[in-house]
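Read the single chain below, which is given as structure tokens and is the form predicted alone.
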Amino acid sequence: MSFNSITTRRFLQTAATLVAGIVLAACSKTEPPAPVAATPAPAASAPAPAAKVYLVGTDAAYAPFESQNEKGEIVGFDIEVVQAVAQKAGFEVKFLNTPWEGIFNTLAQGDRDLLVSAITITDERKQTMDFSSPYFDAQQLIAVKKDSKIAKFDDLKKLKVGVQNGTTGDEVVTKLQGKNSPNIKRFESTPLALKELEAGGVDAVVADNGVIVHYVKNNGDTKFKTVTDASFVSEQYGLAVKKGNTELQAKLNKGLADIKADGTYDKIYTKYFGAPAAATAAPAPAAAASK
């Protein structure tokens, strides 16, 4: 064997060893880990549905039931009752000052979802709208000056009497004096009629007891007194909804039941009238033109 042969053999052996080492190294190479799938972010929870907002029509000129304060906000007994009902029933309300003349048209046309305005439940009104359960008992009351000799309703037959146009007071005085009596003085609101009594322009005012009692209480310097009469029919106020709107009617009834059960209603009543109200019974028939 020549030197060149030995050299060539060693070269080949060395090369083979190197190649085998490379192959073994390649075979032992660690594979990169498989990519880990990213954990999906938790799905955002769907936002809670916005509470339904109902438009409420009210003639804000009938304190203490509804009126405007010095900031122009609509406040009063009726307003707080509806706010409490809405909270219990899970909806929101927006009050819109709506003149009494035409207030029922706004309901029929869909411009208002419900009405609260010391509205007496009557059989005639039930023909064109639906009502909640009664929430306030009322009756007519006569306001006169303290030195007046008027002692009963019949004493007003030939006297000048102030009433709010289109209300129960207007209705009963019209029946007493006659449709064309010049002695009936009609005003846009009961407070305006009472101002006229204070000024001596009328001898008496006939209106819902709640309004007259509130006015006399807060205007003691006018020296008014009140006169009741057994002929005055008991009335009850209800929240009015469009005819056939049973869904909203049911919500209102549930809310009213809840605020009466937990004492909220009595707190509101006491705030405005000084003593908790007696339980309200089923509505009795009332004059068609009551407020």
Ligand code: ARG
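Residue positions are given as counts along the sequence shown, with the first one as 1. Computed from a predicted structure; not experimentally measured.
In what follows, reference is made to the form predicted together with ligand ARG, a form of this protein that is not presented.
Visitor: Would you kindly say which of 156, 118, 93, 212 lies with a heavy atom within 4.5 Å of ligand ARG in the predicted bound form?
Guide: Filtering the options by heavy-atom distance leaves 118.
Visitor: Please check if residue 125 has a heavy atom lying within 4.5 Å of any heavy atom of ligand ARG in the predicted bound form.
Guide: Yes, residue 125 is a contact residue.
Visitor: Should residue 136 be classed as touching ligand ARG in the predicted bound form when contacts are defined as heavy atoms within 4.5 Å?
Guide: Residue 136 lies outside the contact set for ligand ARG.
Visitor: Is residue 100 one of the residues lying within 4.5 Å of ligand ARG in the predicted bound form, judged by heavy atom distances?
Guide: Yes, residue 100 lies within 4.5 Å of ligand ARG in the predicted bound form.
Visitor: For residue 62, is any heavy atom within 4.5 Å of ligand ARG in the predicted bound form, or not?
Guide: Residue 62: contacts ligand ARG in the predicted bound form.
Visitor: Tell me which stretch of 146-154, 105-113, 162-170, 179-187 has a heavy atom within 4.5 angstroms of ligand ARG in the predicted bound form.
Guide: Of the options, only 162-170 has residues within 4.5 Å of the partner.
Visitor: Can you tell me which bits of 202-217 touch ligand ARG in the predicted bound form, meaning any heavy atom within 4.5 Å?
Guide: Just 208.
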